[in-house]
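As a starting point, one isolated chain is supplied in structure tokens, in the form predicted alone.
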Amino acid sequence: MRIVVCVKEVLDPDAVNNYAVAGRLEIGADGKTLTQTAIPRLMNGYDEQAIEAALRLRDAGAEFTLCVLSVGSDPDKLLKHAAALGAEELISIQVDPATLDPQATAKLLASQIQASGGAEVVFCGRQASDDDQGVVPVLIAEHLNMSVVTVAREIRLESDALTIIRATPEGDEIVRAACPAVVTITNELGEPRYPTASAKIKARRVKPTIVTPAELSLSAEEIAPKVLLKQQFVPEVQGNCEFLEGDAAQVAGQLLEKLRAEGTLQ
């Protein structure tokens, strides 16, 4: 059995938020990219949880080869972290991610999965923390002709099928999906594990496999973006704060009057 986890390298969202709160987040002259070079890059948090989902299946006794696959990332940083967690196969498709859109990314990932022997299960994070679109997993399923189950918070592998608990706004939903399938993992799965120090040292010697689009028989036209980023900007956030003075009863009365005056309360 083979399980593939697709991962993405993103800017540290906490660092981005800190820059934004401090008013130091700036877009470059091209109107599309950030000027800050000090913001670290790391694995998308949802994708880490996708690896954790696979590792929990292994903890439960499932036997499989775990492959972690990325597009346009730094393989020495991103994929070696996956190796330290227990991935046996590491594959990086080398292409500038700025030249791709979701459909092109999905086509590259799906082509590599097919070229390397397919997969019984493909795990992805529910979305990436940088663009929050969450469409790549669904497009992968379309390219591979697989069923897709989204926002999974718990997964059990039973023979050739998956029992999945989905986290929905209305509550948990239990579904059963035959393999092969694409499953997206949500943060309700829980905190991902950290690799041990010895595993990190061992992972330094691992060499990820580097693949190019040409090796996947994909032309520049086939992975040309159909959706183009035209502009990115940091919105101005304005906050107005008014302090009410007096004892608790007076402050409560003033607050109610203001809320009624604004129409918030009738």
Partner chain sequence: MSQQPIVVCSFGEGRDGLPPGAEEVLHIGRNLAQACEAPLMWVILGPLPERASATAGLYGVQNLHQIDDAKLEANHTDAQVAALAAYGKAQTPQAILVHQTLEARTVAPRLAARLGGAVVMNGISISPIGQNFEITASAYGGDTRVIYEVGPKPVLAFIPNAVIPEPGSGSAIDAEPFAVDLSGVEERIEVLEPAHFDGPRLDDADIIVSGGRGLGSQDNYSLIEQLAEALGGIAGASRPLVDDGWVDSSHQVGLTGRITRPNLYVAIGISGASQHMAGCSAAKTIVAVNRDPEAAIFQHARFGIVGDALEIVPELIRAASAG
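Residue numbers count along the first chain shown, from 1. Rigid core: the largest C-alpha set superposing within 1.5 Å between the two forms. Keep in mind the model is a prediction, meaning the values are calculated, not measured.
Another form, the form predicted in complex with its partner chain, is not on view; read the next lines as being about it.
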Under a 4.5 Å heavy atom criterion, is D132 part of the interface with its partner chain in the predicted complex?
yes
Exercise: D160 in contact with its partner chain in the predicted complex, heavy atom 4.5 Å:
no
Taking the shortest heavy atom distance, is S217 within 4.5 Å of its partner chain in the predicted complex?
no
Hey, in the predicted complex, is Q231 touching its partner chain, heavy atoms inside 4.5 Å?
yes
Taking R126, V151 and A248 together, does each of them reach its partner chain in the predicted complex with some heavy atom inside 4.5 Å?
yes
Assert contact_stretch over 87-95, 169-177, 112-120, 74-82 against its partner chain in the predicted complex, heavy atom within 4.5 Å, equals 169-177
The unique member of P235, G61, G28, P40 whose heavy atoms fall within 4.5 Å of its partner chain in the predicted complex:
P235
At 4.5 Å, heavy atom to heavy atom, what parts of 3-41 sit next to its partner chain in the predicted complex? List them in sequence order, or say none.
L11, P13, V16, N17, A20, V21, L25, L34
Is L255 one of the residues whose C-alpha moves 2 Å or more between this form and the one not shown after the core fit?
yes
Quick check: E221 between this form and the one not shown - does its CA shift reach 2 Å or more after fitting the rigid core?
yes
